[in-house]
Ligand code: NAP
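Next comes just one chain, in structure tokens: the form predicted alone.
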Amino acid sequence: MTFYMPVRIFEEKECVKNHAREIGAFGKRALIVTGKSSAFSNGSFDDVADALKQEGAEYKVFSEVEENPSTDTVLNAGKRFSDENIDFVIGIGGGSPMDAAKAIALVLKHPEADLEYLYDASKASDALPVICIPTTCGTGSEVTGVSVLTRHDKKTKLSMVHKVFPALALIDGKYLKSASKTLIVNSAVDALSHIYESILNAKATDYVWMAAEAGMKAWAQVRDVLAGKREAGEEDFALLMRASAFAGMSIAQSGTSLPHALSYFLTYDLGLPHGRAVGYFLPGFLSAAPGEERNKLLKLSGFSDLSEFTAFLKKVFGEMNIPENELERAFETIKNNQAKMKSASFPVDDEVLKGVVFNQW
């Protein structure tokens, strides 16, 4: 068994301010990668800019990362800043900016990189150092080497084959305070899916269980917040971030499985938020899993059984009526992907996959 987690993590109040010196240690010229608005409204951008200024570092800003960033965006950013002598990259935001930051750091290190390079495992994978500052509570990208990018040529999302782990992750729950309830719910369900998929996984180990169990215990404490039974407090925001980070550690070891693979089609074709798309397939996935493992996971995350979990998803998401042709596309594609069919910890054939996809949500 192995457990590889090269990311230096700090989680605390005023985390960025407290660790300005660690940020400045990566060089004197940073590229900040983020989206169009949230980092500028939740205070995270200002915190990073102040920290860089304090350490005498200059910075450039790329704030054009879209939801589910494309390979085009990454390559364009690499081209735009290739002559700026960037020392390190800072990703601020949810999974989209953080994933984009990793890929951009790779492209800046290898200016010759093109689309094929991103998906060619024979190419060098070294990148500029990356710092990640999460402002949502779902992807756990701050502790994984994965960069999921939209491939318009294939009309889906695919992980870049190169693993780029951040050198530093700075986690502060305060950035969730201005996030919408919808965003928090979508993100939190994504985090829980990471945990379930990492455990019900052919590559799961005791070390994966270690991180996953810590994540589920944190997640269970905020279930009532997600269900709308009480308002979130400072500690709840910290727990949401912590659960996401532990979930990220879990998938960094074993990876995701069927729900994530299936979800990308709904996100690309229907524009369904990632957390909702993944959540749609979770009841069917859990239903196909061995009962003892399924029940252990559900109880650790605060649910008595699968029916209670499904009821929770319906409460927070509402009914989701997915067009039959979209489910058929997802089914047909994944059934021909042997790697994904074998990713679960239990046998998956066409009939089992049908149960996951057509779960009568």
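Just so we're clear, the structure is a prediction, and the values are computed from it rather than from any experiment. Counting begins at 1, following the sequence as shown.
This protein has a second form, the form predicted together with the named molecule, left out of what is shown; the following refers to that one.
Q: Would the named molecule in the predicted complex be within 4.5 angstroms of a non-hydrogen atom of every residue among Pro97, Val146 and Lys157?
A: All of them do, each having a heavy atom within 4.5 Å of the partner.
Q: Could you work out which of Asn336, Ser304, Asn321, Ser37 is the residue within 4.5 angstroms of the named molecule in the predicted complex, going by heavy atoms?
A: Of the candidates Asn336, Ser304, Asn321, Ser37, Ser37 is the one lying within 4.5 Å of the named molecule in the predicted complex.
Q: Only one of Glu67, Glu326, Asp50, Glu58 comes within 4.5 Å of the named molecule in the predicted complex by heavy atoms, so just point that one out.
A: The residue in contact is Glu67.
Q: Is there a non-hydrogen atom of Thr139 within 4.5 angstroms of a non-hydrogen atom of the named molecule in the predicted complex?
A: Residue-level check for Thr139: yes, a contact with the named molecule.
Q: State yes or no: in the predicted complex, is some non-hydrogen atom of Ser178 no more than 4.5 angstroms from a non-hydrogen atom of the named molecule?
A: Yes, Ser178 lies within 4.5 Å of the named molecule in the predicted complex.
Q: Flag Trp219 as yes or no: does it have a non-hydrogen atom within 4.5 angstroms of any non-hydrogen atom of the named molecule in the predicted complex?
A: Residue-level check for Trp219: no, no contact with the named molecule.
Q: Evaluate Phe281 for contact with the named molecule in the predicted complex, applying a 4.5 angstroms cut-off between non-hydrogen atoms, and reply yes or no.
A: Because no heavy atom of Phe281 falls inside 4.5 Å of the named molecule in the predicted complex, the answer is no.
Q: Given a 4.5 Å cut-off on heavy atoms, tell me which of 288 to 296, 23 to 31, 37 to 45, 310 to 318 is the interface stretch with the named molecule in the predicted complex.
A: Result of the contact check: 37 to 45.
Q: Could you list the residues in 225 to 253 that come within 4.5 Å of the named molecule in the predicted complex, counting only heavy atoms and keeping sequence order?
A: Sequence-ordered list has one entry, Ile251.
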